[in-house]
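In the block that follows, a single chain appears as structure tokens, in the form predicted alone.
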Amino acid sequence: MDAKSLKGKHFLTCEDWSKEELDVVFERSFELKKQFYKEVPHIYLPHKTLFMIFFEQSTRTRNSMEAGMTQLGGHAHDLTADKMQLSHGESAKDTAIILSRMGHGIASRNCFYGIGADYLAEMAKHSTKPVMSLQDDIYHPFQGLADLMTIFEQFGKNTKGLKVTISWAYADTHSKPLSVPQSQILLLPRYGIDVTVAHPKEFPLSKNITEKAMLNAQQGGGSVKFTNNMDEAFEGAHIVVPKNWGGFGAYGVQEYLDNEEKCKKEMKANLEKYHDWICDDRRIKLADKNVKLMHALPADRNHEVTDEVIDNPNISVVFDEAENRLHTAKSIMSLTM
């Protein structure tokens, strides 16, 4: 397909992009990575402006977008809600209308449960320029792209029959969004990958997302299955992704919003039951002998995964995965802006 047809297209979730469109994204990602290493200029967006609105902290996402815009010849404004009229209640609609008149793209991270994805969709509805999700409460599309690019690098582009285990793991830093594992289970089966999701019963993913992932698997030739046994999920896996997420999926959105404090207390109490859900040397040996470890980072070391595993260069590809956030971000921006 013609890459020019993607100009102006929003990037809120990979679900809105056909496989043919995503293939164009990956083709350019690999091209841009080669040029980056050869220090060949690739000025796709000279003098263009990206507005980035962050409601939460960020390392890989902010820097991949900002560095990416610089390398593409443009400039990114790093905005936070406290420095904008958002802090005084300005609507997503008004923000999108104004920023899209002043620049060439808008990107935002809003992970508040029951709010984030709707906020981004509202901006996209009123923006005349492409709106990109830097993560919300449902999706993290840029992470999904970087994950799949890393898989292509490690295993080739014929991923039919590849076994990927996405496992909940213990972490006590904060109640992490569902968006990373949900984006992975929606995207990977579209490329023929067999995905196993392991989680304690109190930490499911959202029901509508798991149902959609199964439909994607049927259409893409992959599969999605679920287990409450972490050891079982690791057996024979080619890739393991030990990643904490909160228990939001156990509640309806309105139920959570109406009883937020009660739900948070329940999630914290449930969390403490599962300290043993960790990717360690014993578990990694249950997987394929050439297994690769992936993680969106930051990893809660020695809770989600031990240092022994994540620092093993024969197993861990987490830093390749993190770097690929840059190349995939540049691909999307260069194609849409």
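The numbering used is simple: start at 1 and walk along the sequence shown. Computed from a prediction, not measured in an experiment: that's the story for all the values here.
What comes next is about the form predicted in complex with a small molecule, which does not appear here.
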ask   = Based on heavy atom distances of at most 4.5 Å to the small molecule in the model of the complex, which listed stretch, 267 to 275, 282 to 290, 52 to 60, 28 to 36, is the contact stretch?
value = 52 to 60
request  = Determine whether any heavy atom of Arg109 comes within 4.5 Å of a heavy atom of the small molecule in the model of the complex, and answer yes or no.
outcome  = yes
query = Heavy atoms within 4.5 Å of the small molecule in the model of the complex: does Ala296 have any?
reply = yes
query = Is Gln143 close enough to touch the small molecule in the model of the complex, meaning at least one heavy atom pair within 4.5 Å?
reply = yes
